[in-house]
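Quick heads-up: it's one chain on its own, the form predicted alone, in structure tokens.
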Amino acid sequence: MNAYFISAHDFKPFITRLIEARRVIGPVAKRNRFTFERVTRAEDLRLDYDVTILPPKKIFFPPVQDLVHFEGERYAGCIEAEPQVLLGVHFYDVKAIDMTDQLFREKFADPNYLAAREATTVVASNVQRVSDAAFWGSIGADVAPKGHDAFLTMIETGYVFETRTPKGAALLEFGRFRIAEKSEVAAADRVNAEILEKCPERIDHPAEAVAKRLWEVFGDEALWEKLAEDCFSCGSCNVICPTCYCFDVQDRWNLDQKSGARARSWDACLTQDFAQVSLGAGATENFRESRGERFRHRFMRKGAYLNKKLGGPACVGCGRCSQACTADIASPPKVINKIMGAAR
């Protein structure tokens, strides 16, 4: 890892040259919220965002994605990965990318995801503004982000640019960088350490204790039904989660009934029909029929089921689920702290 510095004056020209040479995806304003979109002007890049509406996983794993196009007996895959730079990802979303990288690579590797992932240079950036639902300062603190090629930190005089891979170092040619001084690196370290204490929400217990407690209350159906009492089963908490990776696959036929596409779309385990299967002759079976069962499944997935595989909880503390939940019941800090304090 090497650290470089670029002045505030030279930063906008750097972004402009990068946009001219590469396809750049970054946070841009969408009314009073933010979203990852293609950046065509340096002034549209908003590194001062709090949290994006959808996580950056959509760049590698779109909400709707064609997998195969077919016509008669002919078919062709749809992998068309384009080299690009994903710029301005917060560290908690990098940790979520690490998780989806692992899950999409293991066993039957997903070529569609991996093609887009490997064609992308990921430049993380420091958190300049904290979301009112954020709790990334108190979850998975011992899990370090790895899936990025460079890290950009704004300090008083400019930006410290730490390269992590050759792909990250290759971006230096687009800007007037110099080797960072020790004082500048120290300033960047302080900025990134201090922000961890500014989350308005927190989980008051370590991940191991949370996982243990979730297993203890797994069979307490009354508790889970109470927690899910106001749930609309809309799945909003799933579809905006940076670590959820479930999807549905369906064929879409054109009017000629000879051609079409096989496509996948994000799916959500909080919806009523997610665990419903056909028994034939019009009969069905739902393995998680009640709201409480589905609510329990979500929290077991985030706080217990995958901990050993991922090295920590499958939640990075972004707070998107809290913001998206119409019923105001999806907040992990509120639910986990309530469970931890439930009668034993």
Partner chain sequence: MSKNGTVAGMDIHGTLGKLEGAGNIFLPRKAAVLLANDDTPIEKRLTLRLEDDAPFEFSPGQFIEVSLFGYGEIPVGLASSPTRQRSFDIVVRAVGRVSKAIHGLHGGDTLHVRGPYGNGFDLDALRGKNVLIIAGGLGLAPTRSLIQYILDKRDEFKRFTLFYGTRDPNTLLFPEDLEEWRESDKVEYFETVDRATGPWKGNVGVVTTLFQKTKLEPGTKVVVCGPPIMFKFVLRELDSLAVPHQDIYLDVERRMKCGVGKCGHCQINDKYTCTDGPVFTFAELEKLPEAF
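Because the structure is a prediction, the values reported are computed rather than measured. Positions refer to the first chain, counted from 1.
Separately, the form predicted together with the partner chain exists; it is not shown, and the next lines address it.
Asks: Tell me, which of V217, L103, L152, L227 has a heavy atom within 4.5 angstroms of the partner chain in the predicted complex?
Replies: If I apply the 4.5 Å criterion carefully, the residue I get is L103.
Asks: Please identify the residue among A209, A141, A186, I79 with any heavy atom within 4.5 Å of the partner chain in the predicted complex.
Replies: Flagged contact: I79.
Asks: Is H69 close to the partner chain in the predicted complex, meaning a heavy atom pair under 4.5 Å apart or at it?
Replies: The answer is yes: H69 has a heavy atom within 4.5 Å of the partner chain.
Asks: Give a yes or no for K182: in the predicted complex, does one of its heavy atoms lie within 4.5 Å of a heavy atom belonging to the partner chain?
Replies: Result no; K182 lies far from the partner chain in the predicted complex.
Asks: Test of understanding: in the predicted complex, would Y305 fall inside 4.5 Å of the partner chain by heavy atoms?
Replies: Because a heavy atom of Y305 falls inside 4.5 Å of the partner chain in the predicted complex, the answer is yes.
Asks: So in the predicted complex, does H297 come within 4.5 Å of the partner chain, heavy atom to heavy atom?
Replies: Contact with the partner chain, yes.
Asks: With the partner removed from view, which of 152 to 160, 269 to 277, 195 to 203, 173 to 181 is the stretch that lies within 4.5 Å of the partner chain in the predicted complex, judged by heavy atom distances?
Replies: Of the options, only 269 to 277 has residues within 4.5 Å of the partner.
Asks: For a quick check, can you give me the residues of 102 to 123 that have a heavy atom within 4.5 Å of the partner chain in the predicted complex?
Replies: If the 4.5 Å heavy-atom criterion is applied to the partner chain in the predicted complex, 102 to 123 yields L103, F104, R105, E106, K107, F108, A109, D110, P111, N112.
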